[in-house]
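Two versions of one and the same chain are coming, encoded as structure tokens; call them structure 1 and structure 2.
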Structure 1
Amino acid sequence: MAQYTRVSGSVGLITLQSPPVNALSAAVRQGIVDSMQRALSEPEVKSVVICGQNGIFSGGADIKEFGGQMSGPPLIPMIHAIEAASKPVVAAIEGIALGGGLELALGCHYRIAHSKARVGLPEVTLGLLPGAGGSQRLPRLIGVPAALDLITTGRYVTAAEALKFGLVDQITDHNTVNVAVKFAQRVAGQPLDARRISTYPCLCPPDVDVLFEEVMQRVRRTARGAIAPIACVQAVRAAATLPYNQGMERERELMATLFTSGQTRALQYFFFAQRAVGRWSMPSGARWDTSKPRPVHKAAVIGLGTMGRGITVALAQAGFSVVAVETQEKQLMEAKQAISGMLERGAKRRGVAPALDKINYGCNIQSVADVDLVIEAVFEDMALKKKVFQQLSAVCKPGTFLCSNTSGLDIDQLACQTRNPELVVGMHFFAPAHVMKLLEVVYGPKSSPLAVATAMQLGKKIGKVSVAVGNCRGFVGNRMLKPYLEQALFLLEEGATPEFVDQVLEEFGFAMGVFRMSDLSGLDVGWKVRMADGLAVPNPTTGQATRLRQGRRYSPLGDLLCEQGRFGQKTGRGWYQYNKPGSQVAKPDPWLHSFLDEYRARHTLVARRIDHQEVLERCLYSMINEGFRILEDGIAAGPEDIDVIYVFGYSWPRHRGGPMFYATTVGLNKVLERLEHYHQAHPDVPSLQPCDLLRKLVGSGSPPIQKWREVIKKVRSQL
């Protein structure tokens, strides 16, 4: 709803009331329409101020209304009526004005913002465009280049940046509503024709066609198949080339196309999935709302390699006091320099002072004695990590949470090294740790809800999307990655090339194909793990790498490259060749093609033509199948957890919703049928054998993803 009051004798104050973010629901829109009519009809009222309760202007449209029949006054005529009003209307922006909230403010004649407010048009992140005049008014107000940037990226801007653009008329550190009311009194009675943005000409740079062509090429490249950013460019082009009314009609047409697209459904699903993962639960039934986290004031990071440095930066930037420990003196000096540089660059981007004073460095584990929480980030070696946890248990004060940044080792084994195993959890960051949004919080059978809640809360405070997952080899993300990588290798054995497989996956929407990603990460990382597992070893009788391990198919291709010293970008050779070590420009390598031909000949494999569809089905469906096994095992609470992990941690294209949601768009019966087909062709590949949960879901009529948990509960109870 919207509350109407008269203040200062002559100002009608309309307060949006729809917690938590004053979304423009049907009731709020009706309240605005009724309040505006009242304000315009009262002779005593000379001007109007629109604000939001609880220090928030408006977070935009009510997304829950998107799935059904819209009711109440439509947004576009309401905004047009405000703009056409005979009395000045001032938007008092506090907190946020996003999406429809900013479009409402653009319909007002003036905009006053608090200095800490943020504004933006993030509709593109939901697969839409600003469909209430935002794509037409914003370019007229701030110019085409700036409008293209904001609308195609969906990024938020600060009040200071908004003032610089000309998006707001004034910013204040004081009570924004009071400032807006006084402003409204001053402008009462002044002509309004020059304040109606829809009447503004759209000032375009002289080379506007070149500008739009360049922007469209860039957007196509970065969108990776998403259609909303392209539609945003087309809408802004309409603002630049058409009269306002025709531009609005073009905006409406583009919006109608997007609104019914599968991509929009996927992005809206993902919007709610992000919120669902915050409502974590453990098998004991413990939940976020019943497990109060303990405050963390001082944290420690043990090990200052690549991951430890990134974690230290993330903690310091969030305001935590950090003890950073590295026992090797040379590594410690290098880490200090690297961390300082990362903090200074990050601070420069954000326009703040670098948090250098938040970090105390040490070379002795004794220096973490008084911290509240420790994150161990030493090399991924179980024996080494066990030793560190034994030391931490002896050194740290009682009640200190002990966390490991392991990417897949058994958290329970680490917990067993301590006096208080209930205080041990995994905090699996993703590289670079100060940039990547994902954090897997891993609980073992002994982890307490308090420890999980504290780690989840810490993740939130440092800007991560935290997902609680159970303890198993590889947790969720890396466990699902294993069959994906295996299938890519098998495809090479059967006739594909690395560049073809990568091309198919990148056209699907991944930022990097599997082989380019491996070259970036370093082929030696996985090689060391396989050697530790006893997999990357030649046949003792022939000396050749065999294609069978532990009764199942195995591809030694990655091991053979590592034996040649081809570790990827770091050595200038891997699945691709590079101009020099450290270069990022991947080029097809004739040597590798010859190597694959020789490999196939040695193992009597006949190369065959592999098409796009087979690459997608074998790589993606094997990954999805493992996702169903994870749900069946109770490692992830629901499909949303898996999808959030894959979008934020593994560059799964957001506009496809995540691997589990993608399975619903393909059709669960189709996924099952194709897995059965490939498993018959490759019976020695267990990851292709359809999971029981997938069969159960198909047998239950392939219910929508929101209903899967009911089926999952039944399957788990039968195990």
Structure 2
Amino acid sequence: MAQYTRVSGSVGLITLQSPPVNALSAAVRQGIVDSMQRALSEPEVKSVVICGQNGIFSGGADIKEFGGQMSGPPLIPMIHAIEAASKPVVAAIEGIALGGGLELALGCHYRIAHSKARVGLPEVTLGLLPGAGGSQRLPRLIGVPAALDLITTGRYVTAAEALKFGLVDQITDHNTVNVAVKFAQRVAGQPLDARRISTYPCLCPPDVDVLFEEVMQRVRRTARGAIAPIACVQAVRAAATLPYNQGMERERELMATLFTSGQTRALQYFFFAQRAVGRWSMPSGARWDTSKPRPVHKAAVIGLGTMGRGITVALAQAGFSVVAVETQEKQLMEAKQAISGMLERGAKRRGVAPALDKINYGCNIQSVADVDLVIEAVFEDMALKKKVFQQLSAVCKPGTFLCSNTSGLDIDQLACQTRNPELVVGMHFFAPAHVMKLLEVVYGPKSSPLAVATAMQLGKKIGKVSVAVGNCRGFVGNRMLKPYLEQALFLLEEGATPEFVDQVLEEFGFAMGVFRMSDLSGLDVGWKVRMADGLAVPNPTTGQATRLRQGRRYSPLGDLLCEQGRFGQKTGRGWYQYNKPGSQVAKPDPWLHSFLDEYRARHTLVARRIDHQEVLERCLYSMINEGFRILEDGIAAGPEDIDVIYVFGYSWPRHRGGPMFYATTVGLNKVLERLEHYHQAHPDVPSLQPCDLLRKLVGSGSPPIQKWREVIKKVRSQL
């Protein structure tokens, strides 16, 4: 709703009231319309101020209302009526003015912002465009190039930047509403014609066509199939080339297309999924709202390889004191230099001082004695990690949380090495750890809610999207990657090429196909794991047995490449060839094609034509199937956890919502039917056998994803 009061005798004050972010719900819109009518009809009122309660102007349209029956006054005519008002209307912007919130402010005749306020049009991130006149008013106010930047990226700007653009008229460090009221008194009675943005000509640079072409090309390149950024460019182009009313008509048409697209539904789901993962729970019943974290002031990182360096930078940049330990003197010096460089570059980008003094380096594990939390980031070797955990347990003060950055080893085994296994959790960062947003917080059977809450809060403080997951081989992300990689290899055996498989996955929206990604991560990483598991055996006997290991189909293709020293980008050869070791430009490799031909001939495999659909279905549905198993096993509490992990950690295209949401868009019955089909064709591939939970969901009528938790609860209670 909105509250109307009269202040200072002659100013009508409209306060938006819809906690927590004053979203423009039907009730708020109705409140604004009613309040404006009152303000315009009261002769004592000479001007109007619009503000939001609790120091927040507005977070924009109420996303919860999207997709439902539209009720209450629509936004566009409401904003038009404000702009057309005969008395000056001033927006008092505190906190945030985003999306429809900023569009409302653009309909006002003046905008006063607090110096700490941030404004932006993030609709593109929800698969939409600023469809309440924002795409037409913003370019008229701040010019086409700046408007294109804000609208196509959805980025927020500070009040200072907004002032520079001319987006706001004044900024203040004082009480914004008081300043706005005084301002409104001053401008009462002044002519308003020059204050109505919709009447402004659109400021275009002379080479505007070239600009639109360049922006469109960039947007198409980076959108990975998302349609909203393209529609945003088209809408701004309409502002630049058409009179206002026709531009609004174009905005409406483009919006109608976006609004009914699956992409906006996926992105809206993902918006709420990101928030849902913060409300974590454990199978024991422990939850985010009943488990208090303990403050962490000083942390330590053990092992300063690529991951340890990134973690150290992330902690120091967030203001934590860090003890960074590397036992080899030479490696320690190299790491120190690398970390300082990373901090300096990051600080330069953000215009702040580098946090070099936050880090103390040492080559002795004793130096972590007084820290509150340790993150172990040594090599992925269980024996080594166990030794480190034993040492940490002996050295650290009582109550220190001991965390491992393992990407999939058993957290419980590490916990067992310590005096206080309840203080042990996994903190699985993704490379580069100071850049990638994802953190898997892994609880073992002995981990306490206190340890999980503390790791989750630390993750938040260092800017990560943290997802709490259970302990199993590979946790959530890498466990689901296994069947995906496996299917990709089987497809090569059956006739596909790495470049074809990658092309299909990249067209789907992944930043990189599975083979390019493997080349980047290094093929030797998985090879070592498979050797430790007894799967990769050097020079096995030829024949059928090599493709059937531990009772299931196995492809040794990756192992054979590693045996040739082809580890991917770092060696200049892998699934692709590169100009030199370390180069990132992948080129198809004729050697690999001959190698695949010979391999197939050796195993009497006949290459067949594999189409796009089969690549997608086998790679993605096997991965999704594993996701259902993870839910069934209670490793992830809900589908949102899996989807957030895949979007932030594995470059799953956000506009497809994540693998579990994608399954709902395909139709759970279709996913089930295709898995059954492929499992029948490949009975020796267990990952293609449909999971019981998937069958149960289909059996209960494929409920919407928001209802899965109820079905999962029922399934688990029957176990």
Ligand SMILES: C/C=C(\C)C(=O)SCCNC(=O)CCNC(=O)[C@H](O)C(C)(C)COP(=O)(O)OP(=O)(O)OC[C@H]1O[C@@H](n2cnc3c(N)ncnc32)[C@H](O)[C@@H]1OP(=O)(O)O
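We call the rigid core whatever largest set of C-alpha positions still superposes within 1.5 Å between the two forms. For residue numbers, the reference is structure 1: its sequence is counted from 1. These figures come from a predicted structure and were not determined experimentally.
S.K.: Quick one: identify the form predicted alone, either 1 or 2.
M.R.: Of the two forms shown, it is structure 1 that corresponds to the form predicted alone, while structure 2 does not.
S.K.: Taking the rigid core as the reference frame, tell me whether V647 has a CA displacement of 2 angstroms or more between the two structures.
M.R.: V647 C-alpha, core-superposed: shift of less than 2 Å.
S.K.: Can a Cα shift of no less than 2 Å be assigned to D524 between the two structures, given superposition on the rigid core?
M.R.: Shift of 2 Å or more: no.
S.K.: Please state whether R195 has a C-alpha shift of 2 Å or more between the two structures, with the rigid core used for the fit.
M.R.: Comparing the forms between the two structures, which are aligned on their rigid core, R195 does shift its C-alpha by 2 Å or more.
S.K.: Taking the rigid core as the frame, how far in Å does the Cα of E42 move between the two structures?
M.R.: Looking at the C-alpha of E42 between the two structures, the offset is 5.3 Å.
S.K.: Taking the rigid core as the frame of reference, how far in Å is the Cα of A159 displaced between the two structures?
M.R.: That residue's C-alpha sits 2.9 Å away in the other form.
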